[in-house]
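Okay, so here's just one chain, in structure tokens, the form predicted alone.
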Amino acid sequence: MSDPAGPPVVRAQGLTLEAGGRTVFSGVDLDVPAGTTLVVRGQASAGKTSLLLTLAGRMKPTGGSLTVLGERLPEKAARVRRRVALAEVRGVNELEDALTVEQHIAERLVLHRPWHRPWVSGDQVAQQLERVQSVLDRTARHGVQAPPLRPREFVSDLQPLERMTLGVVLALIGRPDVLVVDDVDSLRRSEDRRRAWSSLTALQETGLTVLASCSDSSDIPWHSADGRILLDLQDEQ
């Protein structure tokens, strides 16, 4: 995990992305310390997802400068991608409705195995599920009751907050330094959004840095001690 007393996990100056003949975002200046949450707020066409994917080393900026975890982008994008994990991002790494929770976990564990040992045992999946429960217990200590994940349940049957929780859990399997959670507003119930934001705050206890996006931040409990930074993106269209 990153050193909270060290340099910013994300440092951007004049960061710009142009694509398809339009400016997606421009002039973004950021310093994001370790163990904090960056909340990127904007309307649907404001470029929130593109900015998060750029900070995660998945999109190439067209202007400005960007350093993530001490690595300059886009030159060291591969190194950044290994340390910045995406929870489910629609259109990028969507969950499979036909798979169960434990099948998804087994599949993700395989991705982190050596190429010559592309399999995992039932015990390894069970150990990961126990780790999942410990993560959920951490959120409970913050007064947030995150929904439990039932191993044999199909993704198609999950409630929206359960689905987001599974996406976060899968992202954490690789023990990243930075977690990206896009579009918290996909949770339609206000109570679910509040639980999601509080759960992300709980994860910061581990030193994790969170990059998240939303259109409406009114459900975020803003407290100075929570270590959140708000960035507003303007709609360029």
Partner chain sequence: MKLPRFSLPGLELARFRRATITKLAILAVVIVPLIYGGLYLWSNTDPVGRLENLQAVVVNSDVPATVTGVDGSPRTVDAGKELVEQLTGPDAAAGFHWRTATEEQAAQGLRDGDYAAVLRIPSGFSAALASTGGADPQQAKLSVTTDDAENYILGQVTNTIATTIRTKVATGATTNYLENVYVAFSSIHDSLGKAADGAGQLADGARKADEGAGSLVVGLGDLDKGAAQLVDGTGQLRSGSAQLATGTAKVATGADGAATGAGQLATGLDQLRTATKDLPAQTAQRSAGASQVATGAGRVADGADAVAGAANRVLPALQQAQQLSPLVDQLLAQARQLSAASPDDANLAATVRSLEQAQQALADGSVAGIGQQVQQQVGALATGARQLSDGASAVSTGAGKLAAAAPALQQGVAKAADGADALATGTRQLATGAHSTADGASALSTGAARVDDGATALLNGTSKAKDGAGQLADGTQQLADGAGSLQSQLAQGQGKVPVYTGDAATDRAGVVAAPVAADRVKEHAVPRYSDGLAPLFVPVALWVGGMVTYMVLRAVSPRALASTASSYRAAVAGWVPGALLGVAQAVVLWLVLLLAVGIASPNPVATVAFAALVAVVFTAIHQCLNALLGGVGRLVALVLLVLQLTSAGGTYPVGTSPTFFEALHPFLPMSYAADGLRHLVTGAAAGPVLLDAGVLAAFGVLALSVTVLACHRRRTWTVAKLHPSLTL
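It should be emphasised that the depicted structure is a prediction, and the values quoted were computed from it without experimental measurement. Residue numbers count along the first chain shown, from 1.
A second form of this protein, the form predicted in complex with its partner chain, is not displayed here; the remarks below concern that form.
- None of Val120, Leu149, Leu161, Leu136 but one reaches within 4.5 angstroms of its partner chain in the predicted complex through a heavy atom, and that residue is Val120.
- In the predicted complex, its partner chain sits beyond 4.5 Å of every heavy atom of Ala202.
- Contact check for Ile229: every heavy atom lies farther than 4.5 Å from its partner chain in the predicted complex.
- Put simply, Glu71 is far from its partner chain in the predicted complex: not one heavy atom of it is within 4.5 Å.
- Although the partner is absent here, Val132 lies well away from its partner chain in the predicted complex, with no heavy atom inside 4.5 Å.
- Proximity of Arg141, Ser198 and Leu233 to its partner chain in the predicted complex is absent: no residue of the three has a non-hydrogen atom within 4.5 angstroms.
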